[in-house]
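Read the single chain below, which is given as structure tokens and is the form predicted on its own.
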């Protein structure tokens, strides 16, 4: 938004739920997320030389002078660091004054930060491709948090198509939109707040790098190669990634065939791998997953997101789960029509 005339506008960016393919993106692996019909909406008026923003869900007010050249991670309140990261990446000189409303809780593992980054990018008039928006937002996330996250969240949110989940190849940076059938419920249940800042996420990234230093790319590695890794912990981390990439392939195929029983088995196996090999789940998350998987009508449930808390996702027969958010596959980040 670069006009000298003040213009009021609205942008929306969805959250995402990752159906399967966890902790694979930063090794160039496969992931299968879905943008959801919950997200962040920004209503604002164009301004010159600053961004002023309040939030219905976050404390304080963000006030940035443009162009922004400082360290985004130092911005207060903390949620403003993602806005500063995007402003810096885009070298923005014209900003906006507005208000954020969100129905994806921060710390739920539903990519509220990536949604905010993509929404701000649209608000600042980003004119590149969806892939370029995702890459910009990922860089902003890194500068805001210092956490070396992959590109899955931003790429899903930037490219999403209503009614579809995204089969993402994080090496080739390609996305295949796969239709999501409407004869099952996809349910998200919030379990525990978490943050990736200060978590063991960066340690997991480093452990995967250590595995790749021994056997090469985990995207193309075999389980036989993984078995040759000397350190047991590094071996288990690599085994999760190799198996998870394979689960993504089978999951996408099963969804195309509406084979929900097989989908459920893959979700259950994926959670067990996160629990045992990758160690990013928690006892509370495990108990909640076990409870859902024991519920008649539930095909499968698993932890979703970066781990160490957050949400569960389940696929089930319609009406099976009444406590949680039944979500639909949403379109991606976009400028809303004036009366939309």
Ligand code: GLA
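Residue numbers count along the first chain shown, from 1. Keep in mind that what you see is a predicted model, and the values were worked out from it rather than measured.
FYI, the form predicted in complex with the named molecule isn't displayed, but the following is about it.
- Looking at residue 117, you'd find every heavy atom of it more than 4.5 angstroms from the named molecule in the predicted complex.
- Though the partner is left out of this view, residue 201 does reach within 4.5 Å of the named molecule in the predicted complex, counting heavy atoms only.
- In the predicted complex, the named molecule sits within 4.5 Å of a heavy atom of residue 21.
- Looking at residue 207, you'd find every heavy atom of it more than 4.5 angstroms from the named molecule in the predicted complex.
- Partner proximity in the predicted complex, defined as non-hydrogen atoms within 4.5 angstroms of the named molecule, places exactly one of 7-15, 21-29, 328-336, 313-321 at the interface: 21-29.
- Site annotation in the predicted complex: the residue of 149, 159, 145, 78 reaching within 4.5 Å of the named molecule with a heavy atom is 149.
- Contact with the named molecule in the predicted complex, defined as a heavy atom within 4.5 Å, holds for exactly one of 306, 300, 33, 39, namely 306.
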